[in-house]
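Shown below, as structure tokens, is a lone chain in the form predicted alone; questions about how it binds or moves come after it.
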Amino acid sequence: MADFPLLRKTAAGPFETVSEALGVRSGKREPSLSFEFFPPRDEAEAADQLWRSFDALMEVSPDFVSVTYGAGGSNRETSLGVVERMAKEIMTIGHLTCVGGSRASTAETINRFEDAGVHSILALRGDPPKDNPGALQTGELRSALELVHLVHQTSNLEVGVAAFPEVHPESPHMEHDSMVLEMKQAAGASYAMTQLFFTVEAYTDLVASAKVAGATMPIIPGLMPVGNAAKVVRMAEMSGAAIPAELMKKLENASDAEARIIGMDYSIQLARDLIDAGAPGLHIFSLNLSKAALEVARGAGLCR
């Protein structure tokens, strides 16, 4: 695996919105670089790991970051604390799920995100929490589209949405997903971020299908570095993302050290291929760890 020097990414901002960072209105041509984090559990060690990784990744001057949100708002307070701290240093996107929620309580959370300095909401339906499996039927908000409308009605925040390179598990086909993306764009979404995937074709097919449906907003590929092969394989299985058979074969016959080299080489090449295919940037799922995320960012040429 190539050894890339770590230098600061050339400043291309500051940008007022994610759309500007993606070049929609700013004319920016350099692909954006961003990272996803998740709120730590209560353990002090997990929190320390998050903030060490955050500080390390800020050294390459990403354009923005995002912070995930638990099912049914299970970690709302922790998530709010994280985004408030991050937003003081960098443009921050707060993920927000709405399944099982009331309009009033969700609007309150949106306003708290805005007060915390969040620039944008990634509007997600989310999965029902384990302690409330019937949330999809009982909540007032039952779709991400409804949440997009609510964010616009109750705040001045920019809105992004999720996109599914290998089709949403409840969708009959890609064309249906693309029509939903167009509806979200018409409701006010200005960008989309993808779920986990492992081939450039999955991304380019999604973008092509979205354009046919009229969804022309930028779609940012979400990329998970294969630094810990076993963990990534488990996450892929949970999300329904297909890992290429050739890559799986190489990983299965490799030691842990060899698997990391194989996985990271694959991740870096995928990152390069996505940029070459016209992706507006890369959103790297850090898993609150900086090493693999930095390797992909360097390997893709997004920091120098």
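Numbers follow the displayed sequence, beginning with 1. In this text the structure is predicted, and so the values were computed from the model without any measurement.
Form predicted in complex with a small molecule: not shown, discussed below.
Engineer: Heavy atom to heavy atom, is Ser53 within 4.5 Å of the small molecule in the predicted bound form?
Structural biologist: Close contact is absent here: in the predicted bound form, Ser53 is far from the small molecule, nothing within 4.5 Å, heavy atoms only.
Engineer: Examine Gly126 and determine whether its closest non-hydrogen atom to the small molecule in the predicted bound form is within 4.5 angstroms.
Structural biologist: Yes, Gly126 lies within 4.5 Å of the small molecule in the predicted bound form.
Engineer: Is the gap between Thr106 and the small molecule in the predicted bound form 4.5 Å or less for some heavy atom pair?
Structural biologist: Heavy-atom contact with the small molecule at 4.5 Å: absent for Thr106.
Engineer: Using heavy atoms and a 4.5 Å limit, would one call His149 a contact residue for the small molecule in the predicted bound form?
Structural biologist: Output for His149 is no: heavy atoms all beyond 4.5 Å of the small molecule.
Engineer: Only one of 113 to 121, 162 to 170, 85 to 93, 226 to 234 gets a heavy atom within 4.5 Å of the small molecule in the predicted bound form; which is it?
Structural biologist: Careful reading of the contacts points to 162 to 170.
Engineer: Here the chain is shown alone; which of Val200, Ala213, Met193, Met217 has a heavy atom within 4.5 Å of the small molecule in the predicted bound form?
Structural biologist: None of the others qualify; the residue that does is Met193.
Engineer: Going by heavy atom distances of 4.5 angstroms or less, which of Leu80, Val207, Met183, Leu157 would be at the interface with the small molecule in the predicted bound form?
Structural biologist: By the 4.5 Å heavy-atom cutoff, the listed residue in contact is Met183.
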